[in-house]
Each structure stands twice: as C-alpha cells, then as structure tokens.
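Below you will find one chain, with nothing else, as structure tokens; this is the form predicted on its own, and questions on how it binds or moves follow later.
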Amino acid sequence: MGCGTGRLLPYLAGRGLSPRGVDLSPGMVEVARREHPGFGYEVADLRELPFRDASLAGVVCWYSLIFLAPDARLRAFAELARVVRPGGYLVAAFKHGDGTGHRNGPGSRVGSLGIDFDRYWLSAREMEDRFTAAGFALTFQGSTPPEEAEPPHGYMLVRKTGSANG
C-alpha cells in the first residue's frame, strides 16, 4: 500500500509472493507500470481500499503511513485491518518523531519538481497503539540507531488478531 514507483514488487515476487501495487498518486502508478511491468497496480486511497474484507494474506506499508494526516489515520488503520485476513501480516517502515508535520520544500528532491506534500513522523508507541486499536498484535519492532539516520527509522511487523471462524 503506497507502492510509489513499484520498486518493492519485484523483490517481493522474487520471494514467492504475488504482490499488487496500490498508490494514491496516478503519476506514481504510471511510473510503476512503466518501470515494473507485469504486476497489477491500482490508484486508491488507504482510507478506502479496493479489496474485499479479509482478502489479503499480508500488506507492506513501506514509508507510506507517514503521509497520513492526523484526521486520516484512524480510517486508514481500520481499512488495513479490514482487508488483512486473521493471522495475516502487515509490515511497516516509518520515521520516528512526535507527529509533527514536515513539508517538502524547494531544496528537496521532489520539491525541485514542484511537488509538495506533508509527512508525519510518528513515535513507535503511537504506531503500535494504532495497530493494536485496529486489531493487530505486535510481532517485531526495530529501528536504526539514532546516529545512522535523522530521524531514526522504525520497522514493525504486526499480525492480524482473530480467527478465520470469527
């Protein structure tokens, strides 16, 4: 979810998975289709995913949840929980922070292209709390050392709770 240019799909396919890409940006989906053909891509919003309930074995949110404004988070996490089947996994990468918004500017790589967007760096505690509230249980949590990246990057693997029978 939030596949961007689709660069992770060949990696996932190489590990025996059948990935599909979803991104909010039609431009990113266009680039993904061109640079990584052979995969299914859709333009969709994390708050309204085009999948049936409990239809996905897993989801990758690699630095995509950082674009969720505060008022969009509850709905997006609920949608992720809706589409992942019980026992399924979700892996997320994010940047640690206090929830403060950050805007790309003219000096940034995408800012130089005339693209502006907000990013929100959340604490590991908030990420875990949001996953737990949505019906996931933490399986793994890790981060880069603070001296390696500013801000440090966080990683979480969560598993959808519940059973296939209810």
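Note that residue numbering begins at 1 and tracks the sequence as displayed. None of these values were measured; they are calculated from a predicted model.
From this point on, the text means the form predicted together with a small molecule, which you will not see here.
Asks: So, residue 24 and the small molecule: in the predicted complex, are they within 4.5 Å at any heavy atom pair?
Replies: Yes, residue 24 sits close enough to the small molecule in the predicted complex that at least one of its heavy atoms falls within 4.5 Å.
Asks: In the predicted complex, does residue 162 have a heavy atom within 4.5 Å of the small molecule?
Replies: Residue-level check for residue 162: no, no contact with the small molecule.
Asks: Is residue 62 near the small molecule? Define near as a heavy atom within 4.5 Å, in the predicted complex.
Replies: It does: once the small molecule is placed as it appears in the predicted complex, residue 62 has a heavy atom within 4.5 Å of it.
Asks: With a cut-off of 4.5 Å between heavy atoms, is residue 67 one of the residues that contacts the small molecule in the predicted complex?
Replies: Contact check for residue 67: yes, within 4.5 Å of the small molecule in the predicted complex.
Asks: Among the candidate stretches 30-38, 134-142, 121-129, 43-51, which one is within 4.5 Å of the small molecule in the predicted complex when only heavy atoms are counted?
Replies: Partner-contacting stretch among the options: 43-51.
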